[in-house]
Structure formats: C-alpha cells, structure tokens
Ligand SMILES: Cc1ncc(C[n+]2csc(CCOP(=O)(O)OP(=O)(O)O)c2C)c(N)n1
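Shown below, as structure tokens, is a lone chain in the form predicted alone; questions about how it binds or moves come after it.
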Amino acid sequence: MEIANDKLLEMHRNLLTSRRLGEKLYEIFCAGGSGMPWIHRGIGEEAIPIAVCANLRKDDYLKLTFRLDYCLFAKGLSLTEVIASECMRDCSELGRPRSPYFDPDFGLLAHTGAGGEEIPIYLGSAISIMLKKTDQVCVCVMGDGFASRGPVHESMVMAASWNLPIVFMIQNNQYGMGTSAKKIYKMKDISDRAKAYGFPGETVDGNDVIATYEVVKKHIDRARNGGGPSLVVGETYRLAGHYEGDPQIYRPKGEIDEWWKKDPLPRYQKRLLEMGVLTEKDIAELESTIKVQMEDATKSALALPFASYENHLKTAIDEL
C-alpha cells in the first residue's frame, strides 16, 4: 500500500506527541495536586491509537482504551483540552463540553475504565449510522482483558447479525492487570475469535505503525463501504505497570527489556529515516516544537477550575 509522505509524517508527529504527552501527564501526576486520582501509563502502546486516528474523520465514532485516552488529540482535540480532561478540569471555560472526552461532534461517547460496558454505547452509534445511511464508521479499541467481558461478546453478536459498520480492535498488551493473556486465551491467534461471530479477523504487529495503519485502513474502508464488522488484534506490550506503583511481580525476568527493543517510536523513526522521509534535523526541530506546545498547553489546562458535580448539574439544568 502506498502511503503519502504527508500521512507518514502526520503519524510521526502524533506518535512523538503522544509519547511526550504521556510523559508530561506522568510528571504532573507525580508533582501532586493535579486532580488525577491515579495514572495508568500507556507507554509503548501508542502506535495503535495513532494509526487508528490517522484513518478516521472527525465525525467517525471512536473509543480508545482508558490507558491511552490522551491520544484523542489525534482525533482533533487540543492538547489543552486533553490535559485538562486528564486533570479533572472543567473545559466549559474553553467553550467546550465539560469534558471533551464526551463530545458527539468528534464521535466521542464515553470515557471510562469500566470493563467493556461502554461498548454497547458505541454499538448504538453504529446502529445510528445504519439507520441514517451515512458513510461514517465506528472503531472500538479495547484491552485484551475487557475483550472477554459479556457486553463485548453481545455487541459483537449484534454487530454481525445487523452487519453494522464497526471495527472492534483488541489492543493486546499481554496483560489484564497482572494476568497474562496467554492464561486467558487458549488460542495462538486471538483474532480467530472473529470466526465465531461470522466476520473477518486479523492480527497485526501493533508496534509497527505502518503495518497497523494499513491493516486498520483495510477494515475501516470495508466497514465504511457496507462490508460490516470485523476484528483486528494489535499485538503490543505495556512497558509500565498496570497502575503507577504496580510491583509487576507477575512479569518474567527480562521480558520488559525484550519489548523495549520493539518500542514503536524509535522503530518508526528509524523506518522513516531509511525511507528518506525524515531527517535527524526534522526530529530535533519537532521535539523542540512539541516541548513548547506541551508547556503552553499544560499552563492553560492547569489554570482552569476543577470540574465539580454541582457545576455540571447546574449547567445541565440551565441547558434544559
């Protein structure tokens, strides 16, 4: 598949931004007083949401894993909105919903760490697409743990039965909290699960940006053109603990070191350098630009008031 240089560079910019944004959120969390009750880091898994977003329009529906919701900047949210949302700030002063993570105009319908219960909500968006006869599509990205929950199975059954324009994507980071996916899935290829529902399934190296982009594009285009649902499994790895402070005693010795060698960011940069699409100077200049943008966005986001139940309730009543 021929991918335009502009698209390759867009994904690089977003991938680098996602890494630096994840680091900035961790820095804010560690400083205390941010409003974040906890942090679940997505370092090493960013290629999947970035490749997915690169294939979507603003009006397409998207659900990301809670670990990488901050990558929604690649769907069109500003860095200020993302940081503010992660830090429990009220974004209404920016002229946006109280939390841009719920914004139907951007195809965002839920922000939750629940175990798959939000998938039927997004299934509803796919039903609305079918009823309205638009060419939108819905993509639901979930972890390997959530993918075994009942609401997910029920949604897949209905999606297949009604031939809905939805792509289910399992971001297999190898662990559901502290349980290895190998202990849960008694199959070599998790995408084989799609056969039971009667729609296509495909597995891709989720740390390979270009491969993930191409596979996701194929299935999104298929859904957009009336082909119905499908399942994509992106194989990746959680380089941080399930949560900050996780002792990670469940990991075999040396496993993390091996996966660091597959880190998608330097891997993608190396690929683009070899292709002549990117130069070391480009990378250095982009790093400087992102650093400035990140500091400005952080300052603006943390200056916003904390979101409160009372303010949200009052605003909702006023809107009625």
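A residue's number is simply how far along the shown sequence it sits, counting from 1. Quick caveat, the model's predicted, so the values are computed rather than measured.
The form predicted in complex with this ligand is left out here; the points below concern that form.
Asker: Only one of 199 to 207, 129 to 137, 226 to 234, 171 to 179 gets a heavy atom within 4.5 Å of this ligand in the predicted complex; which is it?
Answerer: Heavy-atom contact with the partner occurs in 171 to 179.
Asker: Of the options 193, 242, 75, 217, which one has a non-hydrogen atom that comes within 4.5 Å of this ligand in the predicted complex?
Answerer: Going through each option in turn, the one that passes is 242.
Asker: Quick check on residue 81: any heavy atom within 4.5 Å of this ligand in the predicted complex?
Answerer: Flag for residue 81 set to no.
Asker: So in the predicted complex, is this ligand close enough to residue 144 to count as touching (4.5 Å, heavy atoms)?
Answerer: Yes, contact at 4.5 Å.
Asker: So in the predicted complex, does residue 115 come within 4.5 Å of this ligand, heavy atom to heavy atom?
Answerer: Output for residue 115 is yes: heavy atoms within 4.5 Å of this ligand.
Asker: In the predicted complex, does residue 66 have a heavy atom within 4.5 Å of this ligand?
Answerer: Flag for residue 66 set to yes.
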